[in-house]
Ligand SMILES: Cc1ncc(COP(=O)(O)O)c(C=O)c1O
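This document starts with one chain, in the form predicted alone, laid out as C-alpha cells.
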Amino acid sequence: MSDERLAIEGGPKAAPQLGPFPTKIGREELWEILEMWELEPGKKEQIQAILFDDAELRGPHLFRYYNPKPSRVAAAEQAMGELIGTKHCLATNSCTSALVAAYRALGVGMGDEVIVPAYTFFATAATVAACNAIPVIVDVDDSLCLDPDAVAKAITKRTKAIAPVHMRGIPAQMDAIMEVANKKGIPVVEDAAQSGGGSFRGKRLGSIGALGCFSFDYYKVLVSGEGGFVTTDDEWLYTRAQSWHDTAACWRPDRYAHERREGELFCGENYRMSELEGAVAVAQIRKCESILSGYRRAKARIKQAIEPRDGLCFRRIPDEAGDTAVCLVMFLPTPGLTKQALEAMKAEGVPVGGVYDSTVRDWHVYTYWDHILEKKSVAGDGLPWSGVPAGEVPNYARDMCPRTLDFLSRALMLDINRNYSDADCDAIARGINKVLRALLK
C-alpha cells in the first residue's frame, strides 16, 4: 500500500527530485560570444564541434546576486578596489550610472549645484541635472582639466560637490582642487572615466576625492564593453551609492532591518553590472600595468621624436608619472594654423584629431550641451532649473568659457595605440615634423 502520510508528518515526499533542467544560458549563447572573436580558419569549426558535442555543458549564472558560483562582478570590485587603493568599490553598468550613484550618495538634489569642467563628456554635467541639481560649468586650463582658480570663483552657498575630470588620460591638478574644496568643506567626485589606472603624486585617480567614478566603456583605458565603478573609503557613501545602484534594495549588513541612521533608506534605480561584463573587467584590471606600459612606451617615443619648434607647445601635465598616456596633445599659436596642420597631418597618415574635423556635434565640449544651455527639462515641472530662484540659475552662454574654447581651438590631439611598434611611432613623428616644418617656419 502506498504511504499517504504527509511528508511533514514523516511520509515520503511526493516530488523527491525535480529535473535536472538545462541552464537558462547554454551553448548557443556561448557560441554567439565566441563568434565575436576573429579565429583562424578551421578553429571556429573545431570549437563549435566541441561545444555542441558536450551534452553536459552547463551555462553560467549571469546575475551577481544569489549566484551559486563566486561572482565575477564581486571579483572585479575587489580587484578594482585593490588597484585604486580604496576600501570600497561598487560595480555599475556605466560611468554615467557611477556618477549618478556618487552624486546621490552625497545627497545631491534639487537646489544644489555641482561644479563641472567645460571640457568633458556630457555625462559629467548631465548626471547633475538628472539628480535635479544645477551644473555649474567652468573653464579648463592648459592641462585641459578643471582650472582650480575657476573653481574657487564659482563656489556659492549652493555648491554641493566639485567634479574634476581627469581628461584625455591625465590627472587634474588634484592638490590645488582639493585645497579649494577642503577649505570650503565641499566633497570632490573624481570623474576618472578616461584615465583608469592613472595617478597623481603616487595616489591612484579615484582615491583622492570623496568618491571616484570610472568607465569601462570599450573606448576607455580598461574596458568591458560597457561598465563602470565607484570607489570610496567612506562606508556610509558606499552604502548609499550601493543602494542607489540597485533600486535601494538595501544591500546592507542586514538588508531588511530598519535604517541605522537617517538617509540610509530611500528609493533608487538599477545600475547593476552583469556577470559577463564583470568577467571581462577582472581580466582587464589584472592587465592594467601591462596596458599602461604599452601606452606610455608609445607616447614617450613619439613625443621625444617631435622636433622643438617656436609656436609648438605640449599640454601641461600636472604629474607626468601619473599620465596614462592615451593621448598626446599639442597646441599651435592660432586656430588657423591648427586647422591647416590637422588637415595636413591627416593627409600624411597621422591619426590626429581636433575640433575642426568633427563630423558630428562633439559632446565633450560645453557649447554643444543645448540641454543645459537652453535649460531643457524632461517634464512639466521644469526641474532642475525650477528648483532655485530664477535669479540664481547660472547665466549659460556659448562663449562663457573663453579659455576652454581658446585651448581647444588650438589643440591637436593624437590618440595613442598601445600596440604601436617603434616603426609606427617613428612614422607618426615623421609626419608631425614634416607638417610643422612647413607651417612653423
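None of the values given here were measured: they were computed from a predicted structure. All residue numbers are counted from 1 along the displayed sequence.
One more form of this protein should be noted, the form predicted in complex with the named molecule, which is absent from this view; the next part is about it.
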State yes or no: in the model of the complex, is some non-hydrogen atom of residue 196 no more than 4.5 angstroms from a non-hydrogen atom of the named molecule? no
Within 4.5 Å, heavy atoms only: does residue 173 come near the named molecule in the model of the complex? no
I'd like to know whether residue 217 contacts the named molecule in the model of the complex, with contact meaning heavy atoms within 4.5 angstroms. yes
The named molecule contact in the model of the complex: residue 96, any heavy atom under 4.5 Å: yes
Under a 4.5 angstroms heavy atom criterion, identify the one residue in 238, 331, 121, 356 near the named molecule in the model of the complex. 121
Among 165, 298, 100, 133, which has any heavy atom within 4.5 Å of the named molecule in the model of the complex? 165
Any idea which of 279-287, 366-374, 219-227, 69-77 reaches within 4.5 Å of the named molecule in the model of the complex, heavy atoms considered? 219-227
